[in-house]
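Below sits a lone chain in structure tokens, taken as the form predicted on its own.
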Amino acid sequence: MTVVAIDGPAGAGKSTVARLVADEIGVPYLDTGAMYRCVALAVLRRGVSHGDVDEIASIAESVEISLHADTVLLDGQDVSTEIRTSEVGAVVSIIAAMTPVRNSMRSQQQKWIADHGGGVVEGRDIGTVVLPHADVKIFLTASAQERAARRVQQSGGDLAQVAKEIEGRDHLDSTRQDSPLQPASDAVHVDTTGLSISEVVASIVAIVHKKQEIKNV
């Protein structure tokens, strides 16, 4: 089965695009962002300080995260909606930058691929760290203004404030010590600015099919 890694900054449309690409090529899909959001939610629920790396690392190791087509379970409870709240969004980038947390999540992500035999996996270090030998690597991006506008359309909020939050997340992701956000050297860059979701999906599916054809020659 084909392994497709889709990386990119916040608001680039990775989750939506990755899910649709997976459907198109007939493979499972893994939303790694939901995994980090589950850890962030567990930290908030337990009232743990955002600076307590040891305790947060322990939580990341102990929580049970189960991802399904339309449902995210945290310790058996459906948290699909709760992990998308602004409260979780405000702390997830801090928690996701912690090396012990990333190590734990990477192990789970790599196990998921091994268990499924392939799939479409999206995140920020998939093609560079988690799955460096992926068959296809995509770096999905868009202008900061467009990414902010998409977030506002999807979840509401003030455009200027959302743009500021996205710029802050970009800075954290690109400057963190562990696996900073950067495209893999062999990734195909896809700029989604001005493109519809269907156009982006079609473009990536074409790249995957071309790679499959070359692989099967």
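Just count from 1 along the sequence shown to find any residue number. Just so we're clear, the structure is a prediction, and the values are computed from it rather than from any experiment.
Separately, the form predicted together with a small molecule exists; it is not shown, and the next lines address it.
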So the small molecule isn't shown here. In the predicted complex, which residue out of Leu131, Ala142, Leu74, Ala96 has a non-hydrogen atom within 4.5 Å of it? Ala96
Of the listed stretches (186-194, 31-39, 65-73, 46-54), which one has a non-hydrogen atom within 4.5 Å of the small molecule in the predicted complex? 31-39
Mark Arg102 yes when one of its heavy atoms lies within 4.5 Å of a heavy atom of the small molecule in the predicted complex, and no otherwise. yes
Might Ile126 be said to contact the small molecule in the predicted complex, defining contact as any heavy atom within 4.5 Å? yes
Glu165 near the small molecule in the predicted complex, any heavy atom under 4.5 Å? no
At 4.5 Å between heavy atoms, is Val92 in contact with the small molecule in the predicted complex? yes
